[in-house]
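One chain comes next, on its own, written as structure tokens: the form predicted alone.
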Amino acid sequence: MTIRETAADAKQDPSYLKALTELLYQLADDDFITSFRGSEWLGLAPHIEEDVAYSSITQNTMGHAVLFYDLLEELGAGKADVLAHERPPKERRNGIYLEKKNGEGSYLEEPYYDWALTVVRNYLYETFKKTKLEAVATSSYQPLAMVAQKVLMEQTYHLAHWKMWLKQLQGSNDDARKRIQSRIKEAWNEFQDVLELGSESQSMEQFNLITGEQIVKERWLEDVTATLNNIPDAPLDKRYGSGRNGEHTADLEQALGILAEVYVSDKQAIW
């Protein structure tokens, strides 16, 4: 395996750079949109301790997105702030399921958010994120491998948090179990593209940037099967297409519009 230790090394091979850039966009965009949906729960979580815990997880997740955008900036993709706030939906590489609204209404006008969706989504995503980070922790691109190893030290606690919520609600009353199971069934019909690596999948594997897509999917499935009480009979699907190929729903446009409000008001501001 040929190791690339710096951005300059990676830029020597255009094919390698293309595959690496695509992988970094997936990692950054997944965390970026997940942390935004988490931020919408600020002040609305089921109890105050959860409000503090979820806020902390969301901040960490946004911090992870920044690490990946910084790697893209080092590779010449553009400034991290621009990559986060100014790219249109068709250039985003996050899984479509991750951009789904938390529920009806909006944060400022009567939010009717669904905690079952949040628990299921975060559990499935954090399990996937752990699997994907482990798959790039020995990446041929050393800066990415180092970031993955660092993020894994925090991410373990995020996964433990959502796994606890899921287990408790699965073991709660009939209403809780039905709500969770309904959201699991919904996720099974939409989560498939999150598990995919998109058009550069073969190159990512060929250049040893990440272990294969099928391996990541099998490890994720093994983990969630051990935790979920009832796995849907239907195969995993991607109902709304593939976010890895730039396909998205109106929910992403809504999220990006809110996310960029302050940034657009003064792009020269230093935070």
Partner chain sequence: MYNYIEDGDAVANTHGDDPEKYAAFMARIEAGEKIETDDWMPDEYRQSLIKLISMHGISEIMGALPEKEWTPKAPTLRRKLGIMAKVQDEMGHGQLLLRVTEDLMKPYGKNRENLMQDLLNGDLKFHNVFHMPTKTWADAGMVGWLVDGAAIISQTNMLDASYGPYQRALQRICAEEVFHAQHGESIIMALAEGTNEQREILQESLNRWWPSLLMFFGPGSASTTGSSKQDVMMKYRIRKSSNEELRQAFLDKYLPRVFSLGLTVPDETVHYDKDEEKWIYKQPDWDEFKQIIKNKGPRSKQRLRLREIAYENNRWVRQALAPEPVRS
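Residue numbers count along the first chain shown, from 1. Just so you know, these numbers come straight off a predicted model, no measurement behind them.
If you look for the form predicted in complex with its partner chain, you will not find it shown, but the lines that follow are about it.
Under a 4.5 angstroms heavy atom criterion, identify the one residue in A116, L133, I184, A77 near its partner chain in the predicted bound form. Checked against the cut-off, the match is A116.
Among the candidate stretches 82-90, 135-143, 122-130, 187-195, which one is within 4.5 Å of its partner chain in the predicted bound form when only heavy atoms are counted? The contacting stretch is 82-90.
Since the partner isn't included here, can you check whether its partner chain sits close to all of L44, D51 and I258 in the predicted bound form (heavy atom within 4.5 Å for each)? All three within 4.5 Å in the predicted bound form.
So, in the predicted bound form, is E5 in contact with its partner chain at a 4.5 angstroms heavy atom limit? No, no contact at 4.5 Å.
Do Y157 and its partner chain come within 4.5 Å of each other in the predicted bound form, heavy atoms counted? Close contact is absent here: in the predicted bound form, Y157 is far from its partner chain, nothing within 4.5 Å, heavy atoms only.
Are any of the heavy atoms in K100 no more than 4.5 Å from a heavy atom of its partner chain in the predicted bound form? Contact check for K100: no, nothing within 4.5 Å of its partner chain in the predicted bound form.
Can Y69 be called a contact residue for its partner chain in the predicted bound form at 4.5 Å between heavy atoms? Close contact exists here: in the predicted bound form, Y69 approaches its partner chain to within 4.5 Å, heavy atoms only.
Even though the chain is shown alone, can you say which residues of 101-133 have a heavy atom within 4.5 Å of its partner chain in the predicted bound form? Residues within 4.5 Å: Y107, L108, E109, E110, P111, Y112, Y113, D114, W115, A116.
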